[in-house]
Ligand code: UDP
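Only one chain is given next, in structure tokens, and it is the form predicted alone.
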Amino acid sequence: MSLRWKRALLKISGEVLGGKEGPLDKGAFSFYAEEIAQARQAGAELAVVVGGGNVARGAALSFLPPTAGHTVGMLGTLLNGLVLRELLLARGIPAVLMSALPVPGVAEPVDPWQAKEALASGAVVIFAAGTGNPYVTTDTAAIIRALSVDADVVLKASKVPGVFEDDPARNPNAKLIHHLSHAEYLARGLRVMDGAAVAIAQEHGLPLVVFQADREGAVLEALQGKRGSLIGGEP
């Protein structure tokens, strides 16, 4: 099975991890654990950054000072990372959880060198707690972690098929853009991925794929270059 990119960082938004069973939905987590397992079995080396929107969005906690609110959001990503790690381990997939806000006995501190060794040995590396700093999105954390482990691409798991020329929720005639440069994405002011994250990716020539992830086999198809919108790189 041919993979366009072998080592990838998968960014899973928190919003896709909630469901009927609450913020930590067993079905949603199990689905993505299976998707990761399938990609790994096909030969991919996968790192994962999880968002925390299913648990708490720091910016929405207006009753807290911003720094505290963002910290709550980062801790939400740690909960997601812990659940995902356990479901991968239960499937026989070696998995390591690293956190920018380390919790001894639960998650190791982020260590890019150790992470690269784990990826090369076949383990899935889950990065939690964003960058460990307030006011920084998990999209930006995904780019930084991808660069730190020499990933070939960042795959952003989304609820939409890719990047549209306009918001498809407001404009049903908006067309899907299959490929565009980082600069074009930023110039258009598109919002499916954080602009600061895209700017860092542009500076380092890191391609990004935004794809609809709630379909069986979607992660593997994204790795094969068969799904989603490509930002940067060669079409």
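Predicted, not measured: the structure shown is a model, and the values here were computed from it. Quick note: we count residues from 1 along the sequence shown, nothing fancier.
Just so you know, the form predicted together with uridine-5'-diphosphate exists too; it's not on screen, but the next bit is about it.
**Q** Please name which of the stretches 90-98, 158-166, 112-120, 67-75 has residues with heavy atoms lying within 4.5 Å of uridine-5'-diphosphate in the predicted bound form.
**A** The contacting stretch is 67-75.
**Q** Looking at uridine-5'-diphosphate in the predicted bound form, is some heavy atom of each of Ser181, Ser229 and Gly233 within 4.5 Å of it?
**A** Not one of the three qualifies.
**Q** Could you check which residue among Ala28, Val198, Leu190, Ala56 gets a heavy atom within 4.5 Å of uridine-5'-diphosphate in the predicted bound form?
**A** It is Ala56 that has a heavy atom within 4.5 Å of the partner.
**Q** Does uridine-5'-diphosphate get within 4.5 angstroms of any non-hydrogen atom of Ser148 in the predicted bound form?
**A** Output for Ser148 is no: heavy atoms all beyond 4.5 Å of uridine-5'-diphosphate.
**Q** My question is simply whether Glu15 lines the interface with uridine-5'-diphosphate in the predicted bound form - judged by any non-hydrogen atom within 4.5 Å.
**A** Yes, Glu15 is a contact residue.
**Q** Verify the contact flag for Leu82: yes if a non-hydrogen atom of it lies within 4.5 Å of a non-hydrogen atom of uridine-5'-diphosphate in the predicted bound form, no if not.
**A** Judged by the heavy-atom cut-off of 4.5 Å, Leu82 is well away from uridine-5'-diphosphate in the predicted bound form.
**Q** Considering only heavy atoms, tell me if Val103 and uridine-5'-diphosphate come within 4.5 Å of each other in the predicted bound form.
**A** Output for Val103 is no: heavy atoms all beyond 4.5 Å of uridine-5'-diphosphate.
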